[in-house]
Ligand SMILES: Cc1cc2nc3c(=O)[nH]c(=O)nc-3n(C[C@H](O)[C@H](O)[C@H](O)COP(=O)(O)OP(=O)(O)OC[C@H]3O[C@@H](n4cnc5c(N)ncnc54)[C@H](O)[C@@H]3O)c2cc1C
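Shown below, as structure tokens, is a lone chain in the form predicted on its own; questions about how it binds or moves come after it.
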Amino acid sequence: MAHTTRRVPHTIVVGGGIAGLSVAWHLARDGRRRVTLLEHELLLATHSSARNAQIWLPVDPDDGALARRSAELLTGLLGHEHGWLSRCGAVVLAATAQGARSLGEGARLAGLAAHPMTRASLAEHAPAIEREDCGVPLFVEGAGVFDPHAMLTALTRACRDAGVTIRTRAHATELIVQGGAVRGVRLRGAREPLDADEVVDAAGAWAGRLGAAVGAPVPLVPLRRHLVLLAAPPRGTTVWRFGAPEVYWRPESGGLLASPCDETPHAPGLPPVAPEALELLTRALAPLAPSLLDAPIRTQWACLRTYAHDRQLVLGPDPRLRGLAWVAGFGGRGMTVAVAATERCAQALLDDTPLPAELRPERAQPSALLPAFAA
């Protein structure tokens, strides 16, 4: 009796950050897809996945369930939670009581607990705060600081173990469309295209370009944000003030890592530090922790956070063009939710599992980027 070999579909994942690595792993892990991951840099995860503040603080109610599931998956990959996450707690400051309730609900959905703080506990966990009118303080138990190297190394190993082919210095310049479906990608400098049955666009700040060029646009906006390492005493724990002026800081390398949470549209790439970065931080710190204004600057850098106009994730197959799928729009929460969000995308591709309408790539979007989450 003749045996027939079942053909395994080939999926190309464009982008080697946390989103691309995660979706590649989910698609390949049970053998139902042959997966090739393309990263245009020499090394994986050198942009947003590596240039962040490493704060694990899932308090947006939209992110809670995904953050909790991502933590479970990462702990499973590493065998123990302390291999990737140090739970030191965090202080969050809401502008209003209603905002504090929203932050507390987000923490609860992520499996954390948020408690009101007394003046004494605030002084203990956030000694840099000098103003009594700092908002409504909560202490989030279970928040912490993640290790991006450990996370990304574990995901890379899991991809290789699942049979994913990882190609670096492989710049996908365009999608190939034939017969109304995506059939592969064209690589810079390659004579022949790379064929595929489907392509997952996980290209971060570059993701919008690929889809728009083939008639499947998603309004994705890369925003520059600055981080500054201050030579200040590393006392207390992570502090994040929501609402204007938004700001955060946490102990890091014998100092304090701080950000004014600025958002300026910027072209995809490695953003330079803007001359006004320190002025932005000064304005954000002055109403809350003026003593930090005199701290010397040890170093500063900028990173990109890419959002859709409605600030929701962009996940799953694109019904406008067969063979195209998305994992995009993660903004500053990719390291917190991407491992679980891409699991949902993989389920949609492998099993036709429906995704929420508010995450689908073809959904209606506002004409301009909505304001940031505030509480």
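Residue indices: 1-based, along the sequence shown. The structure presented is a predicted model; accordingly, all values stated were derived computationally and were not measured.
Quick note: we don't show the form predicted in complex with this ligand, though the next part is all about it.
Can you pick the one in Gly331, Gly316, Gly323, Gly64 that has a heavy atom within 4.5 Å of this ligand in the model of the complex? Partner contact (heavy atom, 4.5 Å) among the options: Gly331.
Answer option from Arg311, Arg32, His40, Arg68, heavy atom within 4.5 Å of this ligand in the model of the complex: By the 4.5 Å criterion, the partner-contacting residue is His40.
Within 4.5 Å of this ligand in the model of the complex: all of Val14, Ser48 and Ala203, by heavy atom? So, yes: the whole triplet contacts this ligand.
Taking the partner as it appears in the model of the complex, which of 157-165, 170-178, 79-87, 132-140 has residues with heavy atoms within 4.5 Å of this ligand? It is 170-178 that comes within 4.5 Å of the partner.
Even though this ligand is not shown here, does Met335 get within 4.5 Å of it in the model of the complex, heavy atoms only? The answer is yes: Met335 has a heavy atom within 4.5 Å of this ligand.
4.5 Å heavy atom contact, Asn52 and this ligand in the model of the complex: Answer yes; at least one heavy atom of Asn52 falls within 4.5 Å of this ligand in the model of the complex.
Should Val23 be classed as touching this ligand in the model of the complex when contacts are defined as heavy atoms within 4.5 Å? It does not: once this ligand is placed as it appears in the model of the complex, Val23 has no heavy atom within 4.5 Å of it.
Proximity of Ala216 to this ligand in the model of the complex, heavy atoms at 4.5 Å: No.
Judged by heavy atom distances of 4.5 Å or less, which residues of 119-152 approach this ligand in the model of the complex? The stretch touches the partner through Phe146 alone.
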